[in-house]
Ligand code: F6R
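First, one chain by itself: the form predicted alone, in structure tokens.
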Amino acid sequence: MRIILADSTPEAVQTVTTTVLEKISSYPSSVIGLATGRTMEPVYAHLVEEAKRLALKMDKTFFFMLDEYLGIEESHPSSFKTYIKSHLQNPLHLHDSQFAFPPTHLVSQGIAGEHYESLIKEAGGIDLQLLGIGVNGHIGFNEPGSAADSKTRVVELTESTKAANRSHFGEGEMPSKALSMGIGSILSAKELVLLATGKSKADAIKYLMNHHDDESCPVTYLKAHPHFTLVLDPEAASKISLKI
């Protein structure tokens, strides 16, 4: 595990953005795994700005989304498909054919997870997977109790996860389930980059630093990956010591 402690949140965001830009610049046909949430919003804003400034060609890049809520339409304002269209796809004029989303429409047939895993395999695997972290240590929607070899599947959201995301739904009902890549799916990516910002993530980061392969905190599984980079702002790193 490589740890990058930034001097500020903007610097942490820039570090992650630069990683993505360098990957696509050196390998235009890269397969990039995308996360969502508040943490990633400034990353995509900066990515859009820099890609336009550099006139970076991204027409050969392919993107996989990490997860999606169940029980809402894909056009719902709080769906992750709407999120990524708003924050990345539309601003960069990327095509629908460059994106794969968890196939929630196949859940009722019992083949959604298998289908998504086959798409990832057909694409040659994910070259770079972006990740955030939940306050309970979840990654994607892999909640505590998730197995290290889990694949794309339907998951039940914990109360803490629903509380953290409920504001996105206003007066509407917060979904209780999602379709998410599994821990095993994520660990199959060639490179992982996790961005953690803010005080609310400090406890989970502290736990990550002191534990390995702990199913009560799924992010600890990532430490086994040979190319895992953890990018922290000062608040997320406020409860750990990196002094030698």
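If you're wondering where the values come from, they're calculated on a predicted model, not measured in any experiment. When you see a residue number, it is the position in the sequence shown, counting from 1.
Just so it is clear, the following notes concern the form predicted together with the named molecule, a form of the same protein that is not shown.
*Asks:* For the chain seen here without its partner, which of 215-223, 202-210, 49-57, 30-38 has a heavy atom within 4.5 Å of the named molecule in the model of the complex?
*Replies:* Among the candidates, contact is made by 30-38.
*Asks:* Taking the shortest heavy atom distance, is P102 within 4.5 Å of the named molecule in the model of the complex?
*Replies:* Judged by the heavy-atom cut-off of 4.5 Å, P102 is well away from the named molecule in the model of the complex.
*Asks:* Determine whether any heavy atom of V43 comes within 4.5 Å of a heavy atom of the named molecule in the model of the complex, and answer yes or no.
*Replies:* Contact with the named molecule, no.
*Asks:* Using 4.5 Å between non-hydrogen atoms, is G113 touching the named molecule in the model of the complex?
*Replies:* G113 lies outside the contact set for the named molecule.
*Asks:* Tell me, yes or no, whether R153 is in contact with the named molecule in the model of the complex, where a contact means a heavy atom of each within 4.5 Å.
*Replies:* Result no; R153 lies far from the named molecule in the model of the complex.
*Asks:* Within 4.5 Å of the named molecule in the model of the complex, counting any non-hydrogen atom, which residues from 119-158 show up?
*Replies:* Heavy-atom contacts within 4.5 Å come from G132, I133, G134, H138, I139, G140, F141.
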